[in-house]
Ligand SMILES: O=C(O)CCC(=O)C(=O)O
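A single chain, nothing else alongside it, follows as structure tokens in the form predicted alone.
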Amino acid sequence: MNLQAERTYKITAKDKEVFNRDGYWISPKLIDDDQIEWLRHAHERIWSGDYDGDGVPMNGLRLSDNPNALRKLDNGWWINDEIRKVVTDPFIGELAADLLESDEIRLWHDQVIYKPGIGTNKSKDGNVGWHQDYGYWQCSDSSDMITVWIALQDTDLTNGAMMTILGSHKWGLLKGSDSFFNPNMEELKEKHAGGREWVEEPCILKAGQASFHHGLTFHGSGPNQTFDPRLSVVAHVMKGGTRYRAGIQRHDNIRLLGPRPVDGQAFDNDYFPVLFKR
């Protein structure tokens, strides 16, 4: 399949079957090699504080003094043109719309993630704990959301590939599943498995491919045991018409609804741009 064919790829019945059964689906190559290099350069610019436009990232730019620590920035599209181009890509929106069987897809927010290479160091600092994304997004009235995790290099277990728990999106939302920052993978497995079948499957990706996983799918990642950073850009997307559910959980996206958000208010302003609409 050549790149042009990949960019016009249509979700098949088999793709939907895999997504609905496993809780995730791996795409063909979404972005070309030139765009991959521009996005890798975008990482360098962001971490050095070099922004496009006059905006600032949602939570500011805070870097740890620990060289093994994971770096994560929310809403890179506010401050970098290349990030904006990829996380608002209509092609990505169409793929997500077909997987969710929705007529409209909006951006919930993005993330720019840098997992440092620690080589043979046994530190757990770069681990991402087993978690459900919707554990952080309960202010949304629907868990039918998708995370599009785009690899900017070939990614496997040696450099900290994301792993999913097959079928875990069918478990519903589990208490305490907002455990991204707990690096103790074994402790979290014991906590979340609860006697359920726990089948780990790594997302092995070529540069430019992406995994599309459901908002309830448990996932996490281990250490990057190479000496090069593992770089990714992530688009979290939602169905059009997704609304604010008040009184459940605080999230920074609530304040983007305006000074007095009300229960049932749609996430439908400029902070949540439309990627795709039929």
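Here the structure is a predicted model, which means the values were calculated and not measured. Throughout, we count residues from 1 along the sequence that is shown.
As for the form predicted together with this ligand, it is not shown, yet the points below apply to it.
- Only one segment in the set 91-99, 170-178, 77-85, 126-134 has residues whose heavy atoms sit within 4.5 Å of this ligand in the predicted bound form; it is 126-134.
- Contact check for residue 58: every heavy atom lies farther than 4.5 Å from this ligand in the predicted bound form.
- Using a 4.5 angstroms threshold between heavy atoms, residue 162 counts as touching this ligand in the predicted bound form.
- This ligand is not shown here, and in the predicted bound form it never comes within 4.5 Å of any heavy atom of residue 139.
- Contact annotation: residue 145 falls outside 4.5 Å of this ligand in the predicted bound form, judged by heavy atom distances.
- The contact with this ligand in the predicted bound form, taken as any heavy atom within 4.5 Å, belongs to 234 out of 234, 36, 26, 216.
- With the partner omitted from this view, the residue of 118, 113, 203, 188 that lies near this ligand in the predicted bound form is 113 [heavy atom within 4.5 Å].
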